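The chain below stands alone and is given in structure tokens; this is the form predicted alone.
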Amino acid sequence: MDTLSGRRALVTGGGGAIGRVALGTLLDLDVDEVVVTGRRREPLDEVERLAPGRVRGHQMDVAEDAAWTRLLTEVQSDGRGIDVLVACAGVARRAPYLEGRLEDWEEMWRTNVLGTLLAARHLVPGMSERGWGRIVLISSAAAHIGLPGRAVYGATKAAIEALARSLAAEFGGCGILVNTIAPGMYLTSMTEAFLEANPATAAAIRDRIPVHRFGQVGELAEAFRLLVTTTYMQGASLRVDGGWTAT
């Protein structure tokens, strides 16, 4: 049976729907401790209560370099590093391209791209030194197919996949395996509100998905389990989307 006993993990955006699936998967794999980051304190308090003593919440903005220095100084004060990174922190703003607000574009680039770049930059040195690391970055179906109103979001996710491939090529020899998960349309509180408000769009998307339904976030657990325990997958993107991007 796969196990991560003796390892320490970090999940950015761990208070969100996908982040909580990643967290639950890591706990099921017996990881010693999971550090969870987020911008708001309330979700962090909630996830800490899921496994007292094994989950540690840390409020921060992943796009701030100094925040990463503070986090690692605190977390690694016991001399142990972080072995697994799951970067779930992300922002999605939907708008027709010509109507998109610059501040929304900047927020998506800062959180989705810069936040992921900084996470890897701060954690890869320790993983490299120890000769073992697993990094899972969150992409999206929007990185693989054109979606109206998702131009900038899709661009940020395509950038994340390019980052994963480059990190895989550069640090594979150090024992670090880097891969991405590209979810399709999953039912979360945010997407459900959009789908209910736009029934025609919801029907069009559902009809294009070969399995003819939207995903449940818990179905991502298998992908997380595979990528945090793999011994040979490197630079791959798992499209867990019901076949949406295959059509």
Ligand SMILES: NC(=O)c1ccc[n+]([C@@H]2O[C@H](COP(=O)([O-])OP(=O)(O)OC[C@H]3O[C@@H](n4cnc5c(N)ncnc54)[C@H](OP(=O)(O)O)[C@@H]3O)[C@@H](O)[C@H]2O)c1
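In this text, residue numbers run from 1 along the sequence as written. Because the structure is predicted, anything quoted here is derived from the model rather than measured.
The same protein also has a form predicted together with this ligand, omitted here; what follows describes it.
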Every residue of Thr3, Arg165 and Gly175 near this ligand in the model of the complex, heavy atom within 4.5 Å
no
The one option of Arg70, Arg54, Arg39, Arg206 with any heavy atom within 4.5 Å of this ligand in the model of the complex is Arg39
This ligand in the model of the complex has a heavy atom of only one listed residue within 4.5 Å, and of Ile138, Ile82, Ala119, Ile135 that residue is Ile138
Given that the partner is absent here, does Asp61 sit within 4.5 Å of this ligand in the model of the complex, heavy atoms only?
-> yes
*asked:* Can you tell me if Val211 lies within 4.5 angstroms of this ligand in the model of the complex, counting non-hydrogen atoms only?
replied: no
Checklist entry - Is Met127 close enough to this ligand in the model of the complex to count, meaning some heavy atom within 4.5 Å? => result no
Although the partner isn't part of this model, could you tell me whether Ala236 comes within 4.5 Å of this ligand in the model of the complex, counting any heavy atom of the residue?
no
Among 46-54, 196-204, 27-35, 177-185, the stretch whose residues bring a heavy atom within 4.5 Å of this ligand in the model of the complex is 177-185
In sequence order, the residues of 106-120 that place a heavy atom within 4.5 Å of this ligand in the model of the complex are Thr111
